[in-house]
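A lone chain, given as structure tokens: the form predicted alone.
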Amino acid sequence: MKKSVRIAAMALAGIMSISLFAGCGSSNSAASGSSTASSSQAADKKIKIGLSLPTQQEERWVKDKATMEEAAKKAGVDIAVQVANMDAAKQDSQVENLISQGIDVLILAPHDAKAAASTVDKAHKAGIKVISYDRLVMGTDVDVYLSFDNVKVGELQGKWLTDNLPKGNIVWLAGAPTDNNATLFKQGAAKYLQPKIDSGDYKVVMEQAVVDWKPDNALKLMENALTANNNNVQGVLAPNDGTAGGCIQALAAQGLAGKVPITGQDSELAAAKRIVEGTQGMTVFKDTRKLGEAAVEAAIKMAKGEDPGADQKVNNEKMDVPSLLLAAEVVDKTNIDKILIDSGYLKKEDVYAK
């Protein structure tokens, strides 16, 4: 009898052991299934890009925003956009909001290149990679920089002015002091202007930065330069189309519009119309359609852990930032149709409208 009970107990223990082992296997299998499902969900998660722009007060930034929104739509990714209205503190706060929305990558066009360093640091602390867009964020670790060759842009402006003005008094304006691009543009222009200044061919009667790139600020500076020099100004290095427009307004008030060679940049419609009319000599075409598309493409690659393909380097006073720099070209009366209209960037009926 005792033997029978012992055998039965052993059999029961065996059954329990098998049952427990099976239970463990079932639990592991469920965990494995859950992990696979989680992995699959992560793979299927829609990429979300955060875009922080400095302004929409200039035509070129309106185009950048529209281009990136369209590129994101075509790629099937989400994009959340914030516009800082030229306020560094507001931009920082807006980026915090984008981070809270769970973005995967941040495309940041800084209003203030140095102040934005802390903004980049916040994104990195949240595990978010940052593309410095058009303008380079200074003094911090930046993942990628996408822009144009901005020193070259300045060179194009400087060369055009020296080609079209052998001698004379010039007004040399620079972009916003908060924008590192302004420094690069001026550096490029100096390659051509400084030898003319050193030789005495050029006399700089005003050399000023235009706060926030505002046309109204450029207008006031140009008015002051004309007043101080009894209108004896023969050339103007204006850093972009908006500031050129302000300067031309001041020149027009003195009957000098079209008589003083003046540069620009960004190929805005208003500038193209002035070139056709003869009041603005040139602009620099930076195809922001290509830049915006490249930024979205790079952001998607970075979100997937892939190499964005930045094959150049630009130093930001902290590191050599991996960079992708696009080419720019001069537009004047001789090639405006070919470059701006035939490319579809601007419409002929708009450019030539009276």
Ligand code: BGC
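Residue indices: 1-based, along the sequence shown. Since we're looking at a predicted model, the values are computed, not measured.
FYI, the form predicted in complex with beta-D-glucopyranose (BGC) isn't displayed, but the following is about it.
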item: beta-D-glucopyranose (BGC): the contacting residue among 289, 48, 60, 301 in the predicted bound form [heavy atom, 4.5 Å]; value: 60
item: Answer option from 186, 196, 274, 135, heavy atom within 4.5 Å of beta-D-glucopyranose (BGC) in the predicted bound form; value: 135
item: In the predicted bound form, residue 181 touching beta-D-glucopyranose (BGC) (heavy atom, 4.5 Å); value: yes
item: Heavy atom of residue 265 within 4.5 Å of beta-D-glucopyranose (BGC) in the predicted bound form; value: yes
item: 4.5 angstroms heavy atom contact with beta-D-glucopyranose (BGC) in the predicted bound form for residue 213; value: yes
item: Contact flag, residue 240 vs beta-D-glucopyranose (BGC) in the predicted bound form, heavy atom cut 4.5 Å; value: yes
item: Per-stretch contact check against beta-D-glucopyranose (BGC) in the predicted bound form, the hit in 98-106, 127-135, 217-225, 166-174 (non-hydrogen atom, 4.5 angstroms); value: 127-135
item: Members of 193-212 lying within 4.5 angstroms of beta-D-glucopyranose (BGC), judged by heavy atom, in the predicted bound form; value: none
